[in-house]
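Next up: a single chain in structure tokens, the form predicted alone.
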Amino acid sequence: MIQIAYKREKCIGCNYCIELAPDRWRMNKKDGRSVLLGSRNKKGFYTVEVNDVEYEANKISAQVCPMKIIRINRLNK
């Protein structure tokens, strides 16, 4: 399992995460920021735990994010 963490308020809507991992990210048409699908908001940090299958696409999304607001963590379960 992996955890994806995202600080949404800093998002500039560049769309890289959506292009690289479209099964996990969508654009919010109201504010132009990305939405981490299936995530929960806790104090401005959106997190979701997903299967390892999503690791590569989301890791690349985190690397290319110009704001560096996406974090990918492997979980030991």
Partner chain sequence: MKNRTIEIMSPAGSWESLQAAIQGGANSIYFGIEQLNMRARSSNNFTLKDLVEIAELCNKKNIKTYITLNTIIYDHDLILMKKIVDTAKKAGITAIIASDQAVINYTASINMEVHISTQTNVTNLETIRFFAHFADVIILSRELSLIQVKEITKEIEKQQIKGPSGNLIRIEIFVHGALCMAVSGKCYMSLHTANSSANRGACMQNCRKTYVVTDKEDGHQFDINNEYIMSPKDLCAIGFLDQVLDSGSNILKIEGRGRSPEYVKTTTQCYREAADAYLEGTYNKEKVKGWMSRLKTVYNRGFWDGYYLGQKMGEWAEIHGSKATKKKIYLGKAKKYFAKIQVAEFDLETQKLKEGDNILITGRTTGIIETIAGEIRINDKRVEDVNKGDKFSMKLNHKVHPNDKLYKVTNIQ
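What you see is a predicted model; the values in this text were computed from it and never measured. Residue numbers count along the first chain shown, from 1.
From this point on, the text means the form predicted together with its partner chain, which you will not see here.
Residue contact check for Tyr55: none of its heavy atoms lie within 4.5 Å of its partner chain in the predicted complex. Its partner chain in the predicted complex is not approached by Lys43, whose heavy atoms all lie more than 4.5 angstroms from it. Shown alone here, Met27 lies within 4.5 Å of its partner chain in the predicted complex, counting heavy atoms only. In the predicted complex, its partner chain stays beyond 4.5 Å of every heavy atom belonging to Pro22.
Residues Lys29, Lys30, Asp31, Gly32, Arg33 are the ones in 29-45 with at least one heavy atom within 4.5 Å of its partner chain in the predicted complex, listed in sequence order.
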